[in-house]
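A single chain, nothing else alongside it, follows as structure tokens in the form predicted on its own.
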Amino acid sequence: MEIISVKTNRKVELLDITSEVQKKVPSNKSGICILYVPHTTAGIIVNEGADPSVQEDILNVFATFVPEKFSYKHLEGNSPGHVKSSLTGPSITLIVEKGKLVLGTWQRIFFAEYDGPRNRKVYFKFIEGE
């Protein structure tokens, strides 16, 4: 297992970590790569990376469905982050073919920050296949 360090700059943001993940993939190997975020107010997603307005739209929809002001019981002030991370989830599994991540034409991997700015990490695990 390896660790990808992520430094977020805003309270809520999507950071493209595709290049960092690709660097961890062993050359000419095929299998799967598992990415796991060990934080309760962050997540990981795959979505379009060509048009930044897509990421903005995603975050705006999350803000609408999970408002900052609500009758949350958790007193730390980061309940929206916990709820949003539940929506995106803590992990993804990707196919690797001959040392390359198998992603669609427009797809990128995004670290989803919901309680930043912070120093975060993503666990990377490669499992070699056939």
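For every residue, the number given is its place in the sequence shown, counted from 1. The shown structure was predicted, so the numbers you read here are calculated from the model rather than taken from an experiment.
One more form of this protein exists, namely the form predicted in complex with another copy of the chain; it is left out here, but the text below deals with it.
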property	result
Touches another copy of the chain in the predicted complex: residue 104 (any heavy atom, 4.5 Å)	yes
Exercise: residue 28 in contact with another copy of the chain in the predicted complex, heavy atom 4.5 Å	no
Exercise: residue 99 in contact with another copy of the chain in the predicted complex, heavy atom 4.5 Å	no
Distance check, residue 7 to another copy of the chain in the predicted complex, heavy atom within 4.5 Å	no
In the predicted complex: members of 12-50 within 4.5 Å of another copy of the chain, any heavy atom	30, 31, 32, 34, 36, 37, 38, 39, 40, 45, 46, 47, 48
